[in-house]
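This document starts with one chain, in the form predicted on its own, laid out as structure tokens.
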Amino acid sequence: MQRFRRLVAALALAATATTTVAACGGGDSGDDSDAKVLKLWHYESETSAMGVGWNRAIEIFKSEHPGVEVRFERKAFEQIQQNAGMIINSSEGPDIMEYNKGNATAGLLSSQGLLSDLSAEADKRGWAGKLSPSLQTTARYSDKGVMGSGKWFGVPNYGEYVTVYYNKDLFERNGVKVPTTMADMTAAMDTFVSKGITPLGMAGAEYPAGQLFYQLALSKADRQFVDNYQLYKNPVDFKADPLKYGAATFADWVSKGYVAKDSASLKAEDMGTAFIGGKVPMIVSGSWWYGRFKTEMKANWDTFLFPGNTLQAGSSGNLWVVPENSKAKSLAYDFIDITLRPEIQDLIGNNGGVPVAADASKITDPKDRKLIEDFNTVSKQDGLAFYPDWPVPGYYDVLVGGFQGLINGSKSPDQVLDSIAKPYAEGVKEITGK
């Protein structure tokens, strides 16, 4: 999630050059059934949940493909993202690679003909049956590179979502129960405020503020709104609910002391370290924090889903993509299939990741299991609503500026909605031509 923010500018600059390169390359790689080398690139650390799972997947692949050499290279995230078009169109590029999901990344490359169509393999191997509809959204792209429909150009095998982290010690010390409804949530925050404690850690200078706004809006939203906002199915009215409710409620939470006004200038790291240090009882943020909290947090802590919501900010994780120029497509498809097997999914889950097709009962750590059970709950009810900055390139900075103003009191909710509505409309028109 956080890494997505650095992509848009680089991709925009590279788009013209990438299109030119695509025109002189590409085309089907032909019969690769006799390929003896699989070039595999990804950018996960060796000890991360995905790194551990995928290392095991490589071992299984080798045992099932005797005589095939796996040439694995761990790349820097920025290295792949900033040069992806040229890399995968080159004869030196990989046969399979981890790549970021979304319109500005996988969608862009798919629209330029640089990624292989995986639709036939998805049908044949049953990948669609293992992924909920909202997880499939980031795997499929239209001819224009808009996610949500069309052909399969990527396959995820882990997920991520926004949840509420809470300090159990602070809750117990102040007689606060874990909320299950929005009324419970506000009552809990009122209790903390009455004791001089700011209940909700925040970071106005980065993504957390926009995500809280989105979670609040989603509490009054349905899947049609998500399709309209994220996939341009219908026009979005920024002066009506659920977006109006999200902005107004956020402002109300600031005025009541649930969110500190001086958090407008804080970054996500500041918010995270405040939670680790026991300075705030709760933060609303993503599953990407989970491993760090598990390692660094000394206080007792746990998570709960944003109370009352059936829709939650979240999505699949990054995608396996197969470049159109791959010389070992069949082998690449076999490897993707292995990463979706129960053994690999359970391994990801037991190492603090969020697998897309794991049996939660096979996860040994109670916290790990709860993280996955909550994700499964959201995913099975088609509740993943993606992220608020996804719809158009450059929207992340627009949201940051808007909600910084809401937190520090320099903008009213209506002014914030005005400031984020125009760039959204302009971006959608540029993408769709409407």
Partner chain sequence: MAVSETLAAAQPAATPPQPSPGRRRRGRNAAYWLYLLPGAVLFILVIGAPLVGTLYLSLTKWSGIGDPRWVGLDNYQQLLHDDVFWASFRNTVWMLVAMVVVPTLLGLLLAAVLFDVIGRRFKPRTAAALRAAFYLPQVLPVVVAGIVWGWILRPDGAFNSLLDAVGLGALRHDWLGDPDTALPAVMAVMIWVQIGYPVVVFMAALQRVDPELYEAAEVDGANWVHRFRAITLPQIRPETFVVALTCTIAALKVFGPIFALTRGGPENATNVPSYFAYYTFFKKLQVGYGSAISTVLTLIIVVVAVVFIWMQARSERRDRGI
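A quick note: this is a predicted structure, and the numbers were derived from the prediction, not measured. Numbering follows the first chain given and starts at 1.
Here the subject shifts to the form predicted in complex with its partner chain, a form of this protein not shown in this document.
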Quick one: from 284, 185, 104, 356, grab the residue that has a heavy atom within 4.5 Å of its partner chain in the predicted complex.
-> 104
Residue (of 130, 294, 151, 267) lying close to its partner chain in the predicted complex, criterion heavy atoms within 4.5 Å | 267
Touches its partner chain in the predicted complex: residue 381 (any heavy atom, 4.5 Å) | no
Taking 4.5 angstroms as the cut-off for heavy atoms, does residue 394 touch its partner chain in the predicted complex?
-> yes
Can any non-hydrogen atom of residue 82 be found within 4.5 angstroms of its partner chain in the predicted complex?
-> yes
Within a 4.5 Å heavy atom cut-off, is residue 108 in contact with its partner chain in the predicted complex?
-> yes
Just one of 211 to 219, 152 to 160, 112 to 120, 327 to 335 has residues with a heavy atom within 4.5 Å of its partner chain in the predicted complex, so point it out.
-> 112 to 120
Neighbours of its partner chain in the predicted complex among 389 to 413 [non-hydrogen atom within 4.5 angstroms] | 393, 394, 397, 398, 401, 404, 405, 408, 410, 411
